[in-house]
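One chain comes next, on its own, written out as structure tokens in the form predicted alone.
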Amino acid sequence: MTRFVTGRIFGSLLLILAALTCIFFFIHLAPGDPVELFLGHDSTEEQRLIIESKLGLDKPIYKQFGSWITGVILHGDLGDSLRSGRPVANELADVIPNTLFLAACSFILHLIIAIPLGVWMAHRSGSKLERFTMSTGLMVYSLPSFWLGLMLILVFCRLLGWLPSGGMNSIDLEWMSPGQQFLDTLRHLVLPVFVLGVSTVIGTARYVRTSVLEVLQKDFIMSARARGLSKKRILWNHALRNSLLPIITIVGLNIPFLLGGAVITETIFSWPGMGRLTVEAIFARDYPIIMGTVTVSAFMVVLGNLLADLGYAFVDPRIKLRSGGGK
């Protein structure tokens, strides 16, 4: 088990290093001059030289990379924003909790709906209601997130007036009681969480359905039926428990989709998170912010995959044996 965990952690660290390398060079291949954007078109050559020296752009590209990767790994220094002049770490510290809050709410609600729905679809496989649920879910799943978000704003915010169209809280939040503040945050969460987490429920539910149906064909399920166990107990205590490995895979893969979807969702609903900050930085050519947000996203994705791998070892002891000595 120790060798398995150590190998996965070491591989994850190498993957993060490779991701940081790609991030740096891809960003520097992007068109646009950050110095000109920072100073404007009327800047003098002396001003350009001062800013280039301050940002380290007067050095060869390999020295820039060495300074940046050393600062990130050893000191957690992501540089300073070109727009605000603040450290990138401080800019990210202001928005990452909001993104994690939105992603966590979406992820938890996604699993709460998707896993029972997948088990129910396996139990009712082939029925008209199951086919209708599958078709409706796939139709919602296939809609582009930006279009779905705009349509939800049009219907529930502009036409019906039931929900706020954007932001994380109302402007009069500080005058509300704690209970009112909680309800206000929930109202602002409804539409972003639906677009980010609930609209893609059918994807995970289909994997759960397929995995449970495969397990239901196993011999030990036939033995459980022969012993007179109820269908409910067979589904939840035996079939679902033995279907966890594919489910863990989907859970791990959902983390990148959540972070990627947060960029669009936060922009549409004006959610003050890391995705919205990334979009604003792209339009402003704020390269330090872009590299910082992509670096944090890469770290979260690798961490999610690492937790999924460790989840395999926890659920299936045979993985520990294979990793420990090929038994």
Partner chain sequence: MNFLKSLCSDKSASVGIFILLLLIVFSIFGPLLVDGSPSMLGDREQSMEQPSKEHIFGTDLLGRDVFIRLMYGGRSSLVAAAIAVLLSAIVGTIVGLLAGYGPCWLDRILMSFTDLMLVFPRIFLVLLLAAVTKPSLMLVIIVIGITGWMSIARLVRSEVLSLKERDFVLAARGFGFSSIFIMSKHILPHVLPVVLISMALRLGNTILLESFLSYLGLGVQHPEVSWGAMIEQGRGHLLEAWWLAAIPGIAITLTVLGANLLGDGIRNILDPVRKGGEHE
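Numbering follows the first chain given and starts at 1. Since this is a predicted model, take the numbers as computed values, not measurements.
Only in words, not in the display: the form predicted in complex with the partner chain, which the text now covers.
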Item to complete: Spell out, yes or no, whether the shortest heavy atom distance between His75 and the partner chain in the predicted complex is within 4.5 Å.
Response: no
Worksheet entry | Distance check, Gly167 to the partner chain in the predicted complex, heavy atom within 4.5 Å | no
Discussion item. Considering non-hydrogen atoms and a 4.5 Å limit, does the partner chain approach Asp94 in the predicted complex?
Written reply: no
Practice prompt. Answer for Arg158 alone: is it within 4.5 Å of the partner chain in the predicted complex, judged on heavy atom distances?
Written response: yes
Worksheet item: Among Gly228, Pro144, Pro178, Gly85, which has any heavy atom within 4.5 Å of the partner chain in the predicted complex?
Response: Pro144
Practice prompt. Quick one: from Asn90, Asn237, Thr210, Thr133, grab the residue that has a heavy atom within 4.5 Å of the partner chain in the predicted complex.
Written response: Thr210
Worksheet item: For the chain seen here without its partner, which of 188-196, 107-115, 170-178, 144-152 has a heavy atom within 4.5 Å of the partner chain in the predicted complex?
Response: 144-152
Worksheet item: Which residues from 268-302 come close to the partner chain in the predicted complex, meaning a heavy atom within 4.5 Å?
Response: Ile268, Met274, Thr278, Val279, Ile282, Phe283, Arg285, Tyr287, Ile290, Thr293, Val294, Ser297, Ala298, Val301, Val302
